[in-house]
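First, one chain by itself: the form predicted on its own, in C-alpha cells.
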Amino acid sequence: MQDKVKEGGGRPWYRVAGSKIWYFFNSLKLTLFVLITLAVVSIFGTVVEQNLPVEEYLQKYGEKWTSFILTARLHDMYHSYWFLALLAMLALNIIVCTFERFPPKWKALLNHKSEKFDARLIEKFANHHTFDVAASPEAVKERVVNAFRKKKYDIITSGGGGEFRLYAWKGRIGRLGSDFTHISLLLILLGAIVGSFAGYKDFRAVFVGGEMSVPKADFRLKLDKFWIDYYDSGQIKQYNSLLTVIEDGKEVMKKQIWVNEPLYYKGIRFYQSSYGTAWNRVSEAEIAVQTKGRTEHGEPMLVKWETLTPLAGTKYSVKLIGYAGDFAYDEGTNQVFSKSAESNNPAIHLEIYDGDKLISTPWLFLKYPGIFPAIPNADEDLVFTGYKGIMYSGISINKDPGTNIVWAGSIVMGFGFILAFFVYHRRVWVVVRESGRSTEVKLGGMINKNNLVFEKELKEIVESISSEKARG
C-alpha cells in the first residue's frame, strides 16, 4: 500500500522517523546544549527583575529594550513558552536516556548465570590470581565460598567432582546511581513546574496592630508587635515580628518570626524580609500655636492619629488625618502622595474645627513652617514641630506547592550520589579444578570504580583461601 512507503532497509517510514527522534533525545550533545542554555538564560532572569510594572521597565531600560524584554518574555521568564520548552526538552532527554540504559542494565544485574564462562577469560582481567592449594577441590570450594561471604559477597556455585565454578558479586545496586540521579532530576523539574504555575510570591507591609490579607487564602495575619535586637556595639542583630493568624474571626496561631525563621500555615510561608517607618501614617504629631508675624511659638502639644484634640489656649480643635514622609503633589489628579519611603520632606494633614465647624484642612511641613496659613482669618497659626512614626514590618509571602516534590527529588539525588560514588559493583569469577596432588584456583574479576580497593580486597581473599587457618 502507498501509505506504507518504506525507507532505510525496508523499515516503515514512521519507524525511521521514530528512531531519529529517539536518537535526538538520547544525545549527550542535546543534554549539554540544554543545560548550558538554561544556565545562560538564568542570568537574564537574575539581572532583569521579574513581574514588574511596564512603567518600571521603561524607566530602567528605555522604550527599545523594554520592547525586547516584553517580546522575549524576559520580564516573566520562568513562565515563558521558550523556557518551558527547554525544561520539556531536558525532561524528555532524561526520560529517553533512562529508558535507553536502565532495562539492559537491570537485566544484566538480575542475570546470575555467570557460572557459564570461559576460564581463559579470567587471565585477561586486570585483577586476577592463579595459585595452588594442597587440598581437595571440594574443600577448596568451601574455602572460596567462606572467604567471599566474609567479605559480604553473594556467591553461586556450579560443577562437581574435580572442577567447580563460582561467581561472586556485591554492590550491584551501585550501578543504579545514575538512574536514581535521572529520576531525581525529573522530580526537581516537576516540582519547579508545579511551583511556577500553582504557587506565587508576594509582599506586604503591615503596621503594628494592623492586619493584612493573604492572597488566595481564607485567613488573615495580624502584626501584634515588631522590635529590633541590637548588639552591644549598637549594630542591628535581628528584627522580629510577632504574627497572629486569624481565621473565621478567631486567633488560631501565634508565632514570632525573624530572618530565616518563617511562619508556615496552610502551605504558605511568611518571611521577615524588611522593616521601616510608615511613609503615609504616624501615631502622633507635635504641633504648636504661633502668633502670626512672630518666630517663636508656644509649648508643643501631642495630637494623636484620627483623634480630635482641643488646642490649649484657643477655641480650636484639630484632628490628624494624613501624613506624607516625602511630600509630593500631582497637579493633574490633585493628589498628595509620598514620592519615596524616606522621610525627606515630612508633612501632616490636619482638620481644624471651630467648635463643631470644620474651617480648614491644611498641610503643615516640618522643614518649612508657616509656608501656608493653617487657620484662615485668625491671629493664631500652627507649626509642625515633630512626630512619632509607626513601624511597619515587611513580610514576604511564598506559596510553592512544588517544594515537597523538589525536596523528594533532592533526597533521591542524594541517594543516587551515594550509590554512584560510594557503592562499588564488584564481580569475581573463580575456577577450582583438580591439578595432580593439589587444587588449582583461578580467580579474577572487575569493579566499576576504585580499582585500588578491589585489588587489596582480592589479595585478602586469596590469602584467606591459601592460609593454614583456612585449611583446618
Partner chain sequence: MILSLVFFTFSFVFYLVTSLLYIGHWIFKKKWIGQTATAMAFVALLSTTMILIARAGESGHAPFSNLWESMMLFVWATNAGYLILEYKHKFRAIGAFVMGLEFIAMISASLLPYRFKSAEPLNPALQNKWHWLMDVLRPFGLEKYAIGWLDFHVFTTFIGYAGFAISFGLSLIYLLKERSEANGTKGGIMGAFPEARIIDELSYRAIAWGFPFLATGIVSGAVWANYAWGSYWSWDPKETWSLITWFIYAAYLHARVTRGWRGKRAAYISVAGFLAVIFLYWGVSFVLPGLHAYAS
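Numbering follows the first chain given and starts at 1. Quantities reported herein were computed from a predicted structural model and do not represent experimental measurements. Superpose the two forms; the largest set of C-alphas matching within 1.5 Å is the rigid core.
A second form of this protein, the form predicted in complex with its partner chain, is not displayed here; the remarks below concern that form.
Student: Does E460 reach its partner chain in the predicted bound form if we count a contact as any heavy atom within 4.5 Å?
Tutor: E460: no, not in contact with its partner chain in the predicted bound form.
Student: Looking at the partner-bound form in the predicted bound form, is K29 within 4.5 Å of its partner chain by any heavy atom?
Tutor: Yes, K29 lies within 4.5 Å of its partner chain in the predicted bound form.
Student: Is K357 one of the residues lying within 4.5 Å of its partner chain in the predicted bound form, judged by heavy atom distances?
Tutor: Because no heavy atom of K357 falls inside 4.5 Å of its partner chain in the predicted bound form, the answer is no.
Student: How about D381: is it within 4.5 Å of its partner chain in the predicted bound form, going by heavy atoms?
Tutor: No, D381 sits far enough from its partner chain in the predicted bound form that none of its heavy atoms falls within 4.5 Å.
Student: Would you kindly say which of G402, P137, G177, P346 lies with a heavy atom within 4.5 Å of its partner chain in the predicted bound form?
Tutor: The residue from G402, P137, G177, P346 that makes the contact is G402.
Student: Work out which of H79, K339, K225, K105 lies within 4.5 Å of its partner chain in the predicted bound form, going by heavy atoms.
Tutor: Of the candidates H79, K339, K225, K105, H79 is the one lying within 4.5 Å of its partner chain in the predicted bound form.
Student: Is every one of F24, F197 and V412 within 4.5 Å of its partner chain in the predicted bound form, counting heavy atoms?
Tutor: No.
Student: Just one of 385 to 393, 369 to 377, 266 to 274, 331 to 339 has residues with a heavy atom within 4.5 Å of its partner chain in the predicted bound form, so point it out.
Tutor: Stretch with heavy atoms near the partner: 266 to 274.
Student: Could you list the residues in 407 to 421 that come within 4.5 Å of its partner chain in the predicted bound form, counting only heavy atoms and keeping sequence order?
Tutor: Residues within 4.5 Å: W407, S410, M413, F417, F421.
Student: Tell me whether I236 is among the residues that move between this form and the one not shown (Cα shift of 2 angstroms or more, core superposed).
Tutor: Result for I236: yes, a 2 Å-plus shift.
Student: Core-aligned, is the CA shift for R433 between this form and the one not shown 2 angstroms or more?
Tutor: No, the C-alpha moves less than 2 Å.
Student: Tell me, please, whether between this form and the one not shown the C-alpha of V41 is shifted by 2 Å or more, with the rigid core used for superposition.
Tutor: Yes, the C-alpha position differs by at least 2 Å between this form and the one not shown.
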